[in-house]
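Below you'll find only one chain, the form predicted alone, shown as structure tokens.
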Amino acid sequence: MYQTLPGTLHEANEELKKVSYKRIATEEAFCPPEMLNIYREMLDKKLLNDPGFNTMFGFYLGSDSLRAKQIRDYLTDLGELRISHMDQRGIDMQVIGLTSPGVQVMPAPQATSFAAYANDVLSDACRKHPTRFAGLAAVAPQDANAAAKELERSVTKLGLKGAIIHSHTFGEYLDDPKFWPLLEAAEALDAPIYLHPQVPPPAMIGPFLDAGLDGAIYGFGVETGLHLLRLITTGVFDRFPKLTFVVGHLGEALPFWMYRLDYMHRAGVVAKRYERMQPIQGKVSDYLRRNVYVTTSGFAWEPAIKLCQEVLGVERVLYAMDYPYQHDVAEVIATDDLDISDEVKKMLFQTNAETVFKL
């Protein structure tokens, strides 16, 4: 498998195979320019006491580095630039969602309003490029009832394929009953929720930030894996048994922990050590196999992909690239070269995504 890019993009493209499946990338980000302006104002006026947000977007909006500039340019494009990058990397379609942390750092009225605006922008791009783009709706959990209405509008009127939620909202998680109107709407609409990472909240971030581990290297995955596990162990999927979540980065490590999660959850319930650790109808692993799909975003690594296919089922693993933060053509080549059957490879790249997102 490739560990580094070939010498030039042209050389890498020469190695892209002619394949019998579509490559559908399912965790791809965009950002209206207006949202970057809102973030700039939040930073300039110190409106948000969130070290993770301030560190992350302080870099992306304040740095003159090539990477920061490219991220800004690529995020805000929903046209020919994005499509040219897809073509260069062999990507047939992107499933696109508002970049992290989306509207979840804004006051509730502003968040609700901007989510609707972002959804209009994204749905317009999807109509212009129906064979290349599909979209996930931004929602504002700050007002769960309004978020439920916006999800319904986005799915039934705009043709978007589900929702994207960037993990915690001001340090609060979706297992809190105040968020349940949104979960109820998603279940009723049969609309998957992509649980996407953001930086750990202030109460959690300290030890990560001190070591430079708060972002994609580790903090994202730890925080989002925690969120998904809370949904399972607090019984959210017993209350909403048909609710579907999609989680990137191969499930934020939870598939690798399944044996121990089952064992220790059962032991904790029996010991009655924690008040909130109540019995649930199944094992932790049962919900991961029933209610959760994982994507390969950021993980062009054969042993990890095959493990997830083995423990979750080949129908539960979808391809993703993580554009524009990680869009390495060598990773496409590596995933094409997985030692799996052609049938399973087509499921990974194409048909699982078509099923989950109703493409």
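Don't overthink the numbering: it's just position in the shown sequence, from 1. If you're wondering where the values come from, they're calculated on a predicted model, not measured in any experiment.
Same protein, other form: the form predicted together with a small molecule, not shown, and the subject of what follows.
Novice: In the predicted complex, which of the listed residues (His168, Lys161, Arg89, His196) lies with a heavy atom within 4.5 Å of the small molecule?
Specialist: If I apply the 4.5 Å criterion carefully, the residue I get is His196.
Novice: Using a 4.5 Å heavy atom cut-off, which residue among Met56, Val311, Ile333, Met42 comes into contact with the small molecule in the predicted complex?
Specialist: Only one listed residue qualifies here, and that residue is Met56.
Novice: With the cut-off set at 4.5 Å between non-hydrogen atoms, does Tyr325 touch the small molecule in the predicted complex?
Specialist: Yes, contact at 4.5 Å.
Novice: Residue-level contact is defined here as any heavy atom of the residue lying within 4.5 Å of the small molecule in the predicted complex; does Tyr60 satisfy this criterion?
Specialist: Although the small molecule is absent here, Tyr60 would touch it in the predicted complex, with heavy atoms inside 4.5 Å.
Novice: Do Ala216 and the small molecule share at least one heavy atom pair within 4.5 Å in the predicted complex?
Specialist: Close contact exists here: in the predicted complex, Ala216 approaches the small molecule to within 4.5 Å, heavy atoms only.
Novice: Might Lys69 be said to contact the small molecule in the predicted complex, defining contact as any heavy atom within 4.5 Å?
Specialist: Lys69 lies outside the contact set for the small molecule.
Novice: Looking at 261-269, 216-224, 81-89, 231-239, which lies within 4.5 angstroms of the small molecule in the predicted complex, counting heavy atoms?
Specialist: Every other range fails; the passing one is 216-224.
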